[in-house]
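Take a look at this single chain in structure tokens; it is the form predicted on its own.
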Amino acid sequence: MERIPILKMGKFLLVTIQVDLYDRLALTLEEDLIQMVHKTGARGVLIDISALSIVDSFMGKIIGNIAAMSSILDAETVVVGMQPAVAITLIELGLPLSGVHTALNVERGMALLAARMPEETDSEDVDDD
């Protein structure tokens, strides 16, 4: 079965969709990505859709589902590379993608994820005396 690669980059996961997603592949991506968030403890998910010229209502729903499930697992979701026609289509379909942040490209998306991460405190630095 065909799968979309998911790369781990520090505390983030990067998915670059290079092919048109048919329904089964989109569902597999959703499942694989949520499993990876859980398994790795990733704090952010970046989905690059710059190669997609069309996103239908099903794919919009999948992106929204990924964001909602990732949020439950304490991870932010950023979609990057959205073509103007895709943005127009999503709005016309009534899919505002609540919980999904957007950025123009991967670099800006990674910066957005990094900026949204709270500073990690080191529990060893706390003196309990």
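A residue's number is simply how far along the shown sequence it sits, counting from 1. Quantities reported herein were computed from a predicted structural model and do not represent experimental measurements.
Absent from the display: the form predicted in complex with a further copy of the same chain. The rest refers to it.
In the predicted bound form, a further copy of the same chain sits within 4.5 Å of a heavy atom belonging to Met9. At the 4.5 Å threshold, heavy atoms of Met117 stay clear of a further copy of the same chain in the predicted bound form, well away from it. Contact annotation for Ala51: at least one heavy atom lies within 4.5 Å of a further copy of the same chain in the predicted bound form. Contacts to a further copy of the same chain in the predicted bound form (heavy atom within 4.5 Å) from stretch 78 to 109: Val106, Glu107, Arg108.
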